[in-house]
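Encoded as structure tokens, the following chain is the form predicted on its own, with no partner shown.
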Amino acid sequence: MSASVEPTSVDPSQSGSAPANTGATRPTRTAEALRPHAEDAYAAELAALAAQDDRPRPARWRLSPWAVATYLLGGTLPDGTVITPKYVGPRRIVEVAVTTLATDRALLLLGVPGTAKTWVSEHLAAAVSGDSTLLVQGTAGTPEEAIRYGWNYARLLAHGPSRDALVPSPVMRAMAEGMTARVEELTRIPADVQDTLITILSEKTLPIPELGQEVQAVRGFNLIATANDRDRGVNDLSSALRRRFNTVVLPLPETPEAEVDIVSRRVDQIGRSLDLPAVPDGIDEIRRVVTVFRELRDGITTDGRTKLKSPSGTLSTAEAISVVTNGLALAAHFGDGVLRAGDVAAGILGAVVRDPAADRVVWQEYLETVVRERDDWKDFYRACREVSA
């Protein structure tokens, strides 16, 4: 029989990141970070929620499920503290996701690209465990060691297999410390590597056959995975692995107003970190970008009168955020600081025309049959014609 290993026997110093619950050994966060982790960027909100959260908390959770949902969806606390929304969408989706993490089922966030799967995953981990950095980034080249464990080969060759030579993965560390691990883009990981998770999720155990030992997950451990089926190179999940997850589908924003709100919020957050102009100065252009993306994505104009061909790209909310952010940078550095049609035109062209042949035809047809006919879009039409020439 294999021997059970106490959780504390995992040596976090062998992994790429330090443990979440020991502030002295956690990597230093600086004010100059281009993109602070969620637990650092929203530390004040998390602290305010923790101070006023008197509801039951699952083992090793920093907040109660109710407080986690409030952190993601936003709200006002009894002392007047305003919690900004991190996710704009159906409340029930967030509640189901949070509840899943409070059970022994892993959570799979599924949706088309740009539906905030990674964003929600990060904030869930930050609110539940106080650390969103126990992350495995899925790619076509992700090895099994990234999910299980690796070896310090200098020590392995010098002394043979031992605990000192073992390098725990983020998932192993999360199991040992009762934390939340994250696996991004699960369907981009080769199928045989994906299935490494089956034993971890079903038995809550990670065997180490080289040592005749195992690491057992302690209470508080769970895993959040994200996946979409629109990217090339997708590896479908086996039925055995899919059964280990509770799947929550994140939809695209239901209304143009909701999508404009999401884009405006995210662009404002990104813009503040880059010292870009405020979003309200370009809210009309944001509405135009969202309208173009939604109409081409849906294959019909907003008024329902004209059917359209859709391009090959996803035209997601995340891409709209990128287009507007790039436009704000152009306005700040090469304009008067106000977002205008010319600042977003090139970004829209790059997002729509992914296939130079087919997509360019779709775009030109949309410009001439829809954009050109809108009286209040004349400046946008001219700007798009200039960059498309």
Ligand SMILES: Nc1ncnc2c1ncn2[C@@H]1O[C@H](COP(=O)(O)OP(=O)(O)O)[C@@H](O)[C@H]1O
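Values in this document were obtained by computation on a predicted structure and should not be read as measured data. Start at 1 with the first residue shown and count on from there.
One more form of this protein, predicted together with this ligand, exists but is not displayed; see below.
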| property | result |
| --- | --- |
| Contact segment among 105-113, 199-207, 212-220, 296-304, judged by heavy atoms lying within 4.5 Å of this ligand in the predicted complex | 105-113 |
| Contact label in the predicted complex: Thr317 to this ligand, heavy atom within 4.5 Å | yes |
| Contact flag, Arg173 vs this ligand in the predicted complex, heavy atom cut 4.5 Å | no |
| Proximity of Thr118 to this ligand in the predicted complex, heavy atoms at 4.5 Å | yes |
| Contact test in the predicted complex: Arg288 vs this ligand, heavy atoms, 4.5 Å | no |
| Of Ile321, Ala50, Leu330, Ala341, the one that lies within 4.5 Å of this ligand in the predicted complex (heavy atoms) | Ile321 |
| Listed residue (Leu276, Leu156, Val193, Ile262) with a non-hydrogen atom within 4.5 angstroms of this ligand in the predicted complex | Ile262 |
| Any residue of 85-105 that, in the predicted complex, places a heavy atom within 4.5 Å of this ligand | Lys86, Tyr87, Val88 |
